[in-house]
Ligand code: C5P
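In structure tokens, the next block holds one chain alone, the form predicted on its own.
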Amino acid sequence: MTSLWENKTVLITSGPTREYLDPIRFLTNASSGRMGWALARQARRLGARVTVISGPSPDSPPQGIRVVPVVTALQMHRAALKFCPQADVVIAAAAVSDWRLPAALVHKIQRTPKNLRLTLKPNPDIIRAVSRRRKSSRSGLKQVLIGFALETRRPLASAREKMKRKGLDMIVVNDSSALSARRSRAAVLNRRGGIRKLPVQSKQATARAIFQEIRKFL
């Protein structure tokens, strides 16, 4: 029997981004990219073609997938818009830096006794940009778009608002304890009003549950 995922292409953004202030300092976060690799591994097991746009990650990628390495949010944004037209499913699992310096300084910022003030500008919202370009696939079905939300206040309400604002089919919400962890708790919300709360478990188990929910939109 033909697999549902045969001939499907899954595009995943993964890991952190780095926004350089000067040649040696950058803004980033504690994301390890493990959730992105777990999602890629599960998609490959199901038979899909997989491309991962990955920021710097300490872990090695699974075999059998295409990896597009990036560093900054702008690089990830350009790569996502380049590869999304070929994707049936787009999963934005990356922990993208929200702000960047307008231009990184050429030389190291020297220590002074005075306060240092930096002006930051917002980075583009990658999954929202992909949503605005959403297309129908060769089979006539629209791309399925999944986002991630790391929330510390009103997690479910905030995630639902983000899902609607960004035009997503699903959103996975967790908290800061998921960063760099091997196990985490999450909830999967969808645009039809459904919610699936997941227990504390390995990220690979969470990836399996996420793909079970994606199947409902295929």
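If you're wondering where the values come from, they're calculated on a predicted model, not measured in any experiment. Numbering starts at 1 and follows the sequence shown.
This protein has a second form, the form predicted together with the ligand, left out of what is shown; the following refers to that one.
The ligand in the predicted bound form comes within 4.5 Å of no heavy atom belonging to Val89.
Though the partner is left out of this view, Ile127 does reach within 4.5 Å of the ligand in the predicted bound form, counting heavy atoms only. Not displayed here, the ligand is kept clear of Arg34 by more than 4.5 Å at the level of heavy atoms in the predicted bound form.
The closest heavy atom approach of Val144 to the ligand in the predicted bound form falls outside 4.5 Å. Heavy atoms closer than or equal to 4.5 Å to the ligand in the predicted bound form belong, across 67-95, to the residues Ala92, Ala93, Ala94, ordered by sequence position.
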